[in-house]
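Below you will find one chain, with nothing else, as structure tokens; this is the form predicted on its own, and questions on how it binds or moves follow later.
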């Protein structure tokens, strides 16, 4: 129990403490669900004050987590940057394990907790540090650009990291800096194929995939457009290239969010993890969201209950070997130190419709 709040009783005090949050999510969470969620939300938010803790909530968290207890919300790298800037002593990562590792890499002096140690990632688990060492032996002298959705061990073998938002910029920057016309971009095959269509730099790719985004097909998008002819379709670049070809916009989760908030489309489809639509919808009440729902089973391992348990007991701490962390930090910092992009973090769909092959390892 934390300062009078029980994690089980929906008391008048809990109702009053959580009312502003309820107003935010009431169109996405039923009143019956809220009576279960609100006591835990109140208890978690009280525990954060007691323990000088913050919760980093990824875009794919459910609304009661994202809006209810998240202190910083966004994509994986944005959350890690906030971790490094925060004055908190404890960080609870409401996301998956590689995100907690990245937070620890950028904030080594803080205690980083993850509510469920089994919250993994199909993409991050598709490649290891040993794999990267073998790739570098096969392609000596070529720079290795690694997606942030990877383990610290993989980042440690990397020259520079990238996000889905800046992958094109990073690839072109390192190609120019190294004086090469080929760059290794790992581990997401579809991100690599989509980047290849945006640049003249030749891409060497790895066959890693996100199990959520790889399930979308071009036919899915065409069927959606037929059923909802007024809907604007926004796709994540971890989707197959054929999906981007028939979409109306392609960009990172942050770019999708900005698109909806700024443009205020009447009807929209987000081709990404399902919970993101719920979270964006809370800030875009005038937009109707069509939901072709693919859920991430790893993200959904994170619940209010195990966030509460992790923070209460300070359990499931994530650590990274300092030698590994130091090298991984350098790869992430090289990306952060790059000059700002001179164009928006979106994928040019005209270019995306021109087939460009990649060399697949």
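Positions refer to the first chain, counted from 1. Keep in mind that this is a model prediction, so the values were computed, not measured.
Here the subject shifts to the form predicted together with 1,3-dihydroxyacetonephosphate, a form of this protein not shown in this document.
K.L.:
Identify whether 1,3-dihydroxyacetonephosphate in the predicted bound form is within 4.5 Å of every residue in the set 149, 164 and 253, based on non-hydrogen atoms.
P.N.:
Yes, because 149, 164 and 253 each have a heavy atom that approaches 1,3-dihydroxyacetonephosphate to within 4.5 Å in the predicted bound form.
K.L.:
Hey, in the predicted bound form, does residue 60 get a heavy atom within 4.5 angstroms of 1,3-dihydroxyacetonephosphate?
P.N.:
Output for residue 60 is yes: heavy atoms within 4.5 Å of 1,3-dihydroxyacetonephosphate.
K.L.:
Classify residue 257 as contacting or not contacting 1,3-dihydroxyacetonephosphate in the predicted bound form by the rule of any non-hydrogen atom within 4.5 angstroms, answering yes or no.
P.N.:
Contact with 1,3-dihydroxyacetonephosphate, no.
K.L.:
Verify the contact flag for residue 155: yes if a non-hydrogen atom of it lies within 4.5 Å of a non-hydrogen atom of 1,3-dihydroxyacetonephosphate in the predicted bound form, no if not.
P.N.:
Close contact is absent here: in the predicted bound form, residue 155 is far from 1,3-dihydroxyacetonephosphate, nothing within 4.5 Å, heavy atoms only.
K.L.:
Does any heavy atom of residue 76 come within 4.5 Å of a heavy atom of 1,3-dihydroxyacetonephosphate in the predicted bound form?
P.N.:
It does: once 1,3-dihydroxyacetonephosphate is placed as it appears in the predicted bound form, residue 76 has a heavy atom within 4.5 Å of it.
K.L.:
Pick from 104, 213, 173, 197: which residue has any heavy atom within 4.5 angstroms of 1,3-dihydroxyacetonephosphate in the predicted bound form?
P.N.:
Among 104, 213, 173, 197, a heavy atom within 4.5 Å of 1,3-dihydroxyacetonephosphate in the predicted bound form occurs only for 213.
K.L.:
Pick from 29, 320, 43, 299: which has a non-hydrogen atom within 4.5 Å of 1,3-dihydroxyacetonephosphate in the predicted bound form?
P.N.:
Exactly one listed residue reaches within 4.5 Å, namely 299.
K.L.:
Where does 1,3-dihydroxyacetonephosphate sit in the predicted bound form: which of 234-242, 197-205, 80-88, 219-227, heavy atoms within 4.5 Å?
P.N.:
Selected range: 234-242.
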